[in-house]
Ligand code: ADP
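Quick setup: one chain, the form predicted on its own, written in structure tokens, and binding and motion questions come after.
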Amino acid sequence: MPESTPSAPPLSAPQKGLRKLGLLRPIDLALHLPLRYEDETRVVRLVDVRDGDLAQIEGVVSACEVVQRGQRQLLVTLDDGSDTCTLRFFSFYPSQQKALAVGKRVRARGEIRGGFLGRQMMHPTIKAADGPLPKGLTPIYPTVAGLPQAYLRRVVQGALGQAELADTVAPEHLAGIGLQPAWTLRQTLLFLHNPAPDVALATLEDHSHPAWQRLKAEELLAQQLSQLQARRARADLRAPVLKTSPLQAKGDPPLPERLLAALPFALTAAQRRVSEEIARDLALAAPMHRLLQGDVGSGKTVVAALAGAICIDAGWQCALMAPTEILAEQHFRKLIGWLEPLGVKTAWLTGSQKAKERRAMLALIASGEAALVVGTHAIIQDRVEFRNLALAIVDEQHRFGVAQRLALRSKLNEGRQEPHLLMMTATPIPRTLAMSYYADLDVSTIDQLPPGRTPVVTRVVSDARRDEVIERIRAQIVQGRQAYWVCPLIEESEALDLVNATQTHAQLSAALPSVMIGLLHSRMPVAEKKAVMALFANGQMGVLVSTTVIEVGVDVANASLMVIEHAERFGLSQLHQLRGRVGRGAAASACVLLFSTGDGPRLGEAARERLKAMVQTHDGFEIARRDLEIRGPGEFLGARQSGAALLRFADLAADSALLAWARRLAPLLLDRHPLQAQQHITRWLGGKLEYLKA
């Protein structure tokens, strides 16, 4: 019998914690920097401490007892010779009780509170007073359950001695932006993990200290290098060359020209410009990797249709993938209306299709008879085989993960070629974000709305005036208009979402008994969703109560009022997307942002800023800039990073000068010092580079 391979010993809880945080290499630990620091370098006398101070005291335990006062708690009296302080613990272990036995000498660190019962500390940090005081500030690291601070400090210190920390950025490049070239990377990291007690804590915790500036610059450089490397690697790949032929076999003009002639509207100057940018890319042998951004209602679908027409005219297939069936179906209806009269066969593919219809669509796609394929993520399943896919269009690209976009690009089986990729978003990308996370893409911007779009008046209204809002809906219905009422997504529970939407539907149905009021939410069967949307789209339904499934892709020109309940819970870009569902016809339109503080405190500062921005501007690019300031990059990136945060330390709003420096230095380093550049990328990003391929 062959010998069995001994299994690896099971991981301890701290080892599992390190793995969960992605701390697998010595360099990962060396770059795992403290969230904050505690000053345990000195002990103060109680008599010298003011109420509210964060202090470390040392004394002898004079009393220790477990009492039942409302709830079980451990009370310890500590006497430092100048005064006494009660240490109060609501959760504790027998070992803690033993360590705090009467007569023990300990150090306690926490906030001193005064009161009727004398001075006290709630859940202080306790240490035995049997060793010397630390010489530097004590780092407090980001951690997870089962990974104690003491263990983290020990392994980080060990990693600092093991990690490869040779400088990859020349001193003269650092000096150019006012950084300290005399400090090596090793010295910088040793300092940040073990700062001296005389350093201003504020400069460490707000990352303004020169050591932090050095690290943020290196992190941004790693990002720029990786993006530039990905862009250059993609330029070496091959893709089908897509050019329209001057005349078809039957003597017809090229398909894009026939499509333009058949459209019931003229393209805006911005639509023509981005269409030309895309056409130039498609005519090259390197795969296009372009992001098409445009505000809500700017006309991205027709630009996508023109790109598809170029592809189909050259004899290849085009696929358009959307994140939801509602959005995919809207694209499908529009594209069929534009392209089928011109002789283009279109296939429709979603996860909810009946088996017979699905088999028929799969056959059309595999044979190449269907030149255009529209659908949800069902398009990328293994059973879907294209005859010759040359252009993949992904709408609302931030809603798809890396693996999904890579799967779509792998559907071309022509030698070593891959399809051109056009990604679309109605969430405009702020300039600093485009310069950093999207630096590997070419970006086309539709910065002009089609004529005839009606400005939407936006009002912020307290939930206490809910009855007035319902009366406003009644007035709109009388005028023959329709309204949306959107309920918020409650992340903790889909069930709560459903209850919220269902209760609102019942309330509106009771208040407006003569009006058909529909309900739309993510748990409904697809056929039911389609039926509800059809009733609303053809004007039979007066009010549609919905969760955020209508955020994108719903286009009903007769809808003139949007009510967003608990608007304070939504992100700014999401509010702007929802507002874009109205104002699509000639009627004056309005968006009511209903906010509620319930029985709790007043609206938070960030929520107030979001609602204020919605009233002040309709410009999607200004909305995006403010959203980046308020919420950070997550709202825009969605699944692009596949959960791996590529910027842990740098702040795009505050560190724009460092970003500009990294953009200038990246091509220089990659061209002149490629080995150092690769070492820099590997050090900072490790295994987080996969997302760049998508």
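All figures in this text were calculated on a predicted structure; none of them were measured in a lab. Numbers follow the displayed sequence, beginning with 1.
There is also a form predicted in complex with this ligand; it is not shown, and the following applies to it.
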With heavy atoms only and a cut-off of 4.5 Å, decide whether residue 302 touches this ligand in the model of the complex. yes
Considering only heavy atoms, tell me if residue 565 and this ligand come within 4.5 Å of each other in the model of the complex. no
Quick one: is residue 197 in contact with this ligand in the model of the complex, heavy atoms, 4.5 Å cut-off? no
Is there a non-hydrogen atom of residue 571 within 4.5 angstroms of a non-hydrogen atom of this ligand in the model of the complex? no
Where, among 155 to 163, 466 to 474, 265 to 273, 371 to 379, do residues come within 4.5 Å of this ligand in the model of the complex by heavy atom distance? 265 to 273
From the list 234, 453, 529, 387, which entry has a heavy atom within 4.5 Å of this ligand in the model of the complex? 453
Contact assignment for this ligand in the model of the complex, among 298, 589, 482, 227, heavy atom within 4.5 Å: 298
